[in-house]
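Listed next as structure tokens is one chain, alone, in the form predicted alone.
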Amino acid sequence: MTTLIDRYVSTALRRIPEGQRADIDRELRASIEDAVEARVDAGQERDAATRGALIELGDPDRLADRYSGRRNYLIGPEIYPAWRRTMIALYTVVLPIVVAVTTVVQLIDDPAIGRVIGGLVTSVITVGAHLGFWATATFALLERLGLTDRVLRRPWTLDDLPEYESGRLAHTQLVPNVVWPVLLIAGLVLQQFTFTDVPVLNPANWSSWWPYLIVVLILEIAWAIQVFRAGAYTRAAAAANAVLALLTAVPVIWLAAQDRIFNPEFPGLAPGSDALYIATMVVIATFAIATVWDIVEITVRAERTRRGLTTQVPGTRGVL
């Protein structure tokens, strides 16, 4: 009949390489017997002393890993920061580029809206899964092979420190918030009267939507100047920015979806043509992504300013 100690040792030895089992068997049994005898000498019954000693040793699988020197983690703490930065770069830079390229290829090959959306979702899932799996597998393999010191680690220097900017607005933040609305207004007007005899955008909208957009863009310029004079983004400024962004994007996306944004008489943009479809999808995607990005960015900046936090300057952090 096997004893409790036999069962414990046998369980631990399952995870030990065969060539080491005999030595670890003797070492482990001796350690257990010493612990049991110490408890018996202290006044415990032998059965209670045996149970107490085994409980104190803990999970036999974890004990076996310690004996064999086996790592109980996939990515260790020494290379975790490098793995984390790599994953952030993959999912914020590589994944959007790959998905954008595959979507454009799908638009050219087969512009049916169902296939485009299906291809977009499939690309995000499959490419994202492959990036995460292969990057993590590579890091885990390098660590198991002991190559992390030579391949991934290098001496830390002060150049690795990122730069930060305060919540106060600089002139460089005012300029784009004013220049872009001015350029959009200029483009909207000039394409109607100067660029070509046939305007690109639908001239029928001059009785309603184009003047409306010009007014909203002027309000965005006024918002940018007011925020700059206030010196920082606030929750009220973020809310106003969100409203103005939606007042701009929603009508444009709606007009594009109704095939009312481009002039049907402009060469190549006839109703039902592939060029019109691609141009419409580009407009919808551009305004949707830019609006979400703008709302999130200003809201985050306002919240960080309220909490007295600084914001990291993009591109000022070491890779590894």
Partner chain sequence: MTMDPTLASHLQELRRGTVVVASLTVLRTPGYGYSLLETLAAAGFEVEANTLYPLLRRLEAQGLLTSAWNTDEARPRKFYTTTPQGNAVAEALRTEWSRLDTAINDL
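Residue numbers count along the first chain shown, from 1. By rigid core we mean the largest C-alpha set that fits within 1.5 Å across both forms. Keep in mind it's a predicted model, so treat the numbers as computed, not measured.
Although not depicted, the form predicted together with its partner chain is the subject of the following passage.
Undergrad: Would you please decide whether residue 31 lies within 4.5 angstroms of its partner chain in the predicted bound form, comparing each non-hydrogen atom pair?
TA: Close contact exists here: in the predicted bound form, residue 31 approaches its partner chain to within 4.5 Å, heavy atoms only.
Undergrad: When the contact criterion is heavy atoms within 4.5 Å, does residue 274 count as touching its partner chain in the predicted bound form?
TA: It does not: once its partner chain is placed as it appears in the predicted bound form, residue 274 has no heavy atom within 4.5 Å of it.
Undergrad: So in the predicted bound form, is its partner chain close enough to residue 287 to count as touching (4.5 Å, heavy atoms)?
TA: Contact with its partner chain, no.
Undergrad: Looking in the predicted bound form, any heavy atom of residue 23 within 4.5 Å of its partner chain?
TA: Residue-level check for residue 23: yes, a contact with its partner chain.
Undergrad: Heavy atoms within 4.5 Å of its partner chain in the predicted bound form: which stretch among 260 to 268, 64 to 72, 279 to 287, 247 to 255?
TA: Stretch 64 to 72 is the one.
Undergrad: Looking at its partner chain in the predicted bound form, is some heavy atom of each of 135, 143 and 145 within 4.5 Å of it?
TA: Not one of the three qualifies.
Undergrad: Could you list which residues of 174 to 193 come within 4.5 Å of its partner chain in the predicted bound form, counting heavy atoms only?
TA: The stretch does not touch the partner at all.
Undergrad: Is there a C-alpha shift of 2 Å or more at residue 303 between the shown form and the other one once the rigid core is superposed?
TA: After core superposition, the C-alpha of residue 303 moves less than 2 Å between the shown form and the other one.
Undergrad: Core superposed first: is there a CA shift of 2 Å or greater at residue 29 between the shown form and the other one?
TA: Yes, because once the rigid core is superposed, the C-alpha of residue 29 moves 2 Å or more between the shown form and the other one.
Undergrad: For residue 38, is the C-alpha shift between the shown form and the other one 2 Å or more after core superposition?
TA: Superposed on the core, residue 38 moves its C-alpha 2 Å or more between the shown form and the other one.
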